[in-house]
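Shown next as structure tokens: one chain only, the form predicted alone.
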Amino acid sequence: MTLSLDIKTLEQIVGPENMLTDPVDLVVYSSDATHTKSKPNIIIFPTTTQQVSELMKYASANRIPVVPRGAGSSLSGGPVAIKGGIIVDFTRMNKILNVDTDNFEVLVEPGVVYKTLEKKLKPLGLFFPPDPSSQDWCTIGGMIAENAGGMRAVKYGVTRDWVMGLEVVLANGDIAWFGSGTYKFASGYEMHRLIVGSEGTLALITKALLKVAPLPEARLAAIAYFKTLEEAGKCVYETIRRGLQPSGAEIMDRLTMDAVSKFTGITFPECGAVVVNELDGDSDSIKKRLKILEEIYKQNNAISYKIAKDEEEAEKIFESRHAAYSALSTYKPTTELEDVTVPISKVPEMFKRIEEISRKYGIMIAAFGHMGDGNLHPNILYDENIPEEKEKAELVKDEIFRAALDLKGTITGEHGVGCSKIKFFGIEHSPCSVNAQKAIKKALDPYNILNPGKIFGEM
């Protein structure tokens, strides 16, 4: 997209040292973790809220698209400037501003990396529960924009559940505070919860007030092997139904296990699926729940299972699940990690449909995910350089999304719509619902300059 940018004005706002215009840099910023590609016109690194405000005033006056970006680990094309314009990279706004141990709150800038926050909180006996697989590099701002989940979401919920308040810059450059420093809040609209998951289409986040929690007294990891995905799915459903409150309930199919084995050297027995569980809390509670968990394994025909004897062994168990996506990326030239969620009682049926779709098109689909909350990640493996395979992969995605919706699920549990799932957004949501959401977008961003082309497509 051809845009006329006043470089001198932008330099006055952020300084020349906080801008990139070199063509190589623009290419680097032209994609995220998906295959979506589009070059911005410039990359800007603000360091203060006031700079962001002045930048938005300039963009609004000149109708220039603005796309916020954290670490670029999005899996839906969210931080890609598909209309060109300015990418605002928040990685230099990376301060942990305050940790309030009395009230279990922390105030951070959007560029703080999740792992950095975890390292700050752990010595204080605290943690921020949402834990996406990209936790080593993803930013808090990105997590908020996408409403990130992770393995612990089955017990602790997603990012939205831990955001108390947000400082944001609106499309016209105004600076607003949404939310409250209190756990209960009934004073007006909960605007901060609306901003969470809005993928940078409503406002730019410049500060976040987060709830944190005391670290559990203990945790226990277990791994169980099953003949089929369906049996594994029924086992996880039973752990939820019987109130075990696992802090992790992950699943991997055989293809994923084989990839992880080659990638990490971790070995698995002959089986069709593996379930990884975590229980946390006080020691007595864990012991009681472990007995029930072992009963559930046996009742659901587990081939075998293993309980980690210490923290090191527990980390080894979870390492296998954390490595899944990276391992599968070595299988085929193209790996597309999808993200559908269905009611937990429908998970076994969703697995069955994924297997049927794979056989129908002759395309490899590896399945793993956060099964405890019904969030599955089908990985479509193919070679995009082979036209026939690329065409089949598109049909596979179409059928996976339609299968999830048919089971009363959603097209995305934690990766967002971005620009990769726009087609299905209008299928999942009624015209009335879509129009209501567009009206909110129009009210907050009348010129459609905040991450245009995302979620709804053309406005």
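Sequential numbering from 1, following the sequence displayed. The structure presented is a predicted model; accordingly, all values stated were derived computationally and were not measured.
There is also a form predicted together with a further copy of the same chain; it is not shown, and the following applies to it.
Student: Name the residue from 307, 363, 175, 290 that puts a heavy atom within 4.5 Å of a further copy of the same chain in the predicted complex.
Tutor: Flagged contact: 175.
Student: Which one of 99, 255, 126, 218 is close to a further copy of the same chain in the predicted complex, taking close to mean a heavy atom within 4.5 Å?
Tutor: Only one listed residue qualifies here, and that residue is 126.
Student: Does every residue of 79, 115 and 318 put a non-hydrogen atom within 4.5 angstroms of a further copy of the same chain in the predicted complex?
Tutor: Judged in the predicted complex, none of 79, 115 and 318 sits within 4.5 Å of a further copy of the same chain.
Student: With the cut-off set at 4.5 Å between non-hydrogen atoms, does residue 45 touch a further copy of the same chain in the predicted complex?
Tutor: No.
Student: Is residue 18 near a further copy of the same chain? Define near as a heavy atom within 4.5 Å, in the predicted complex.
Tutor: Although a further copy of the same chain is absent here, residue 18 would stay clear of it in the predicted complex, with no heavy atoms inside 4.5 Å.
Student: Are any of the heavy atoms in residue 268 no more than 4.5 Å from a heavy atom of a further copy of the same chain in the predicted complex?
Tutor: Residue-level check for residue 268: no, no contact with a further copy of the same chain.
Student: Is residue 323 part of the interface with a further copy of the same chain in the predicted complex - any heavy atom within 4.5 Å?
Tutor: No, no contact at 4.5 Å.
Student: Only one of 271 to 279, 339 to 347, 80 to 88, 227 to 235 gets a heavy atom within 4.5 Å of a further copy of the same chain in the predicted complex; which is it?
Tutor: Among the candidates, contact is made by 339 to 347.
Student: So which residues in 49 to 76, when you check a further copy of the same chain in the predicted complex, have a heavy atom no farther than 4.5 Å from it?
Tutor: The stretch does not touch the partner at all.
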